[in-house]
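Next up: a single chain in structure tokens, the form predicted alone.
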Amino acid sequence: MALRGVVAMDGPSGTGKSTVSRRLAKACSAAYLDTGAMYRAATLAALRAGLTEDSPAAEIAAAAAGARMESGTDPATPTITLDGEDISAEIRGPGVTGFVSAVSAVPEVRTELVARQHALIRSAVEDGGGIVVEGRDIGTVVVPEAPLKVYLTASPEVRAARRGRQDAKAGRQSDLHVTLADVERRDRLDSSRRVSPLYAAADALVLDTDRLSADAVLDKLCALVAERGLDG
């Protein structure tokens, strides 16, 4: 199967979005873009500039605009670099996780990164190619014209448990109660921000992954790609 066009994958953290988006892209011989990693890279750039949540929005925006980040779109080996340095592990740490919602809420940051996302998407779909794009505003803001939009959801408790397992696998220590509080905090911030709040597009398929394995979700997504005639 080869994907033509864009699949927009949205939803909060811990829904299995990254796992199934990468697997769908690989199954469809398509490119893959993790827009959340881009916001985390911008957040790391702000942290390295000595900025905090109390810093002026203009300074945070300037740090994001000046960030030399590169996003690899190979689903087998997705990469994110900042100033030529692989930051894939560092952007998942607590410092970035605690600051990323504030950085993402700055309108100028979103404008800058959406422009970069558009460039990557255009490159991937040239000459009939395809790309799976995951984030929190893909179907509503980044690619509202996407022919297939999926919004993954799951309960906060299930998502916190998944985050805990991801942290353990990556060698990061975490506490389930702290992780749950962080998940609920990010949900509040992401869904209430003034610019590009997190919500499902009106024409998105909403899929609850509480009781679905990654394999089951992937099967549903592949079927949707075929139903929409996107398998070229």
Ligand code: DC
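All residue numbers are counted from 1 along the displayed sequence. Computed from a predicted structure; not experimentally measured.
There is another form of the same protein, the form predicted in complex with the named molecule; it is not shown, and what comes next is about it.
With the named molecule left out of view, the stretch that reaches within 4.5 Å of it through heavy atoms in the predicted bound form is, among 67 to 75, 96 to 104, 145 to 153, 81 to 89, 96 to 104.
Taking the partner from elsewhere, residue 162 is found to have every heavy atom lying beyond 4.5 Å of the named molecule in the predicted bound form. Contact between residue 209 and the named molecule in the predicted bound form is not found at the 4.5 Å heavy atom cutoff. Contact annotation for residue 131: none of its heavy atoms lies within 4.5 Å of the named molecule in the predicted bound form. Within 4.5 Å of any heavy atom of the named molecule in the predicted bound form lies no heavy atom of residue 112. Using a 4.5 Å cut-off on any heavy atom, the residues of 183 to 205 that reach the named molecule in the predicted bound form are, in sequence order, 186, 190, 193.
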